[in-house]
Each structure stands twice: as structure tokens, then as C-alpha cells.
Ligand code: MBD
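As a starting point, one isolated chain is supplied in C-alpha cells, in the form predicted on its own.
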Amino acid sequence: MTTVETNSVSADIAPTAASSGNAATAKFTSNRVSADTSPERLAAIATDVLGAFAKIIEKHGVTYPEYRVLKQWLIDVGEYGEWPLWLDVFVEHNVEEVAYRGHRGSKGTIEGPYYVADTKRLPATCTLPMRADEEGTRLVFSGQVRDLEGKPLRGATVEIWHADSQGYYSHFATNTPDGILRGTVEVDDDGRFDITTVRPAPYQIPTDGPTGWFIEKAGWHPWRPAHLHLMVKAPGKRPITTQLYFDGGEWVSNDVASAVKPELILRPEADADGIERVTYNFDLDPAS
């Protein structure tokens, strides 16, 4: 087992919206992205977006005070560094549905704002990096990466990351050591993997900033159910990004990010030692 020592920041300091949001924004802006979008396509999309805003304003009779509050809130989201958080919670699930339309393999869902590239490479049978005294129920997550005909995909990788038993992600919380509960697992020759980790907790997205204010004013809840994040890749196959949830878990039926799908539910079983075990296979489409 790989252990990581707690960093110098006090474990009593909980991450704030500003700290988590700024960490997500810094991660995103450190790798500038672009899209091959023509001026004509951009103009068409922008026209529809602005037209949708006009219809909403007309339908609800939006007032000038409400409009000014909107401008103030938009500025706050940027200053708190929460645009990656807000967009990934409320918009990404729609983009994901369109991106994987016609997809025949395993179901995907949102990536979320807490992905970190180039995590530690691990063998097919492994334990994720964690603190020496990592709290939480031990979970053994096993499976196989296959093609659409069920043939094992040698050379595949399974990137996995998740929150700890308190709901915090490494790299995005001041009370959590970098690198824990993350890894890139290299499957064996039969496409199989066997990962030991701990069961994550549900977590509340940061609520002491504009995303939280938005949720509170709308009368919604800010919770995401416990889940594992996965990014599965294999040569010649279309990668898939997904999340796996736990049957009967709190907030599974009303996830704030609308990312839960029936195909993504795990049903672990505990052995005599109290270790939970579950198997889930991934079937990848050919690369387009």
C-alpha cells in the first residue's frame, strides 16, 4: 500500500468555496483549450443562446433589480473562481449526453471539476495512494476492460479518483494531501484490474460562495452522492469518462449535478472482514 503523509496545513481547516473554486479554476486555466468551431457555427449557437435569454426574460418578466443582481452574481462567480464548479454541476451533464449520443459501450457521465492528469501509474492489482491512517470502509473495485464483442483490451488504463471518507478531494482541499485516492491503473493481459481503496462519502459542493448562494436562493440542496470517478482508455478505442454510485446511497435519487444513471449503480457486498467488494466491467466503442 502506498501511503502519503498529511501536509503541513492543519487537518482542522476545511476547504472553502474560494479555495476549492480557485483550485479548480487554476487547474483549468493552466491548460488552455480550443475547439474547431467555425465563425458560422459560433454565430448560430450564440444567436440561440441570446434568443433563449430573451424568451426567459419575456416569460418571467425579469425586472431591472433582478437583472442587476444577475450581473453582480456573474462577477462574483468569476472572482471566487467558481465557473468550472458551476458549469460542471449544472451544464456538463447536457453536453455529455450529446457527446455520447449513439454510443454503444458502457455509459458515461460528467467529469466534474476535480480531475487531475498524470496521476501515479499503478499495476493491475494495486492499492490507491492514501494516508497511513486513511479512514473509511475498505473497498475492492474489480473488473475488466473489453471491446463491444466482450474481448479483453490489453494495454487499457483505468484512471480513478474520488473523495475521501469526509468528502474532500486531494489537490482541491487544504486539509487533504495531494495525490491520495487517485491513480492510473494499467490492466493486465486479460484487461482486468483489482483496485483497493476506501468508500468515498457524499459531499456538499462548496456553499460559502456564489454557487452555494445560487442553490440556497433557489431552494435546492447542494449534495452529490458518493461516487467513484473513472476515465477508461485503450488503444484504438473511444475513451469513456464516467462515475459509479452506490445502491441505496444518500442523494443518488436527487443528485444536484443530475449525473446519476441507472447503469452506473454499484452494489458492493461485504466479506467476513468487513471489506466491500464489487465488480464492474467497461466496454469501449471503436474510436471514431
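Residue numbers here begin at 1 and follow the sequence given. Bear in mind that the values here come from a model prediction, so they are computed numbers and not experimental data.
FYI, the form predicted together with the ligand isn't displayed, but the following is about it.
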property	result
Interface residue in the model of the complex among Ile180, Ile110, Val77, Cys126, criterion: non-hydrogen atom within 4.5 angstroms of the ligand	Ile110
In the model of the complex, segment of 113-121, 186-194, 94-102, 149-157 with a heavy atom within 4.5 Å of the ligand	113-121
Partner contact for Trp83 in the model of the complex: the ligand, 4.5 angstroms, heavy atom	no
Exercise: Lys233 in contact with the ligand in the model of the complex, heavy atom 4.5 Å	no
4.5 angstroms heavy atom contact with the ligand in the model of the complex for Tyr169	yes
Contact of His229 with the ligand in the model of the complex (heavy atom, 4.5 Å)	yes
Contact check for Val89, Arg224 and Gln243 against the ligand in the model of the complex, heavy atom at 4.5 Å	yes
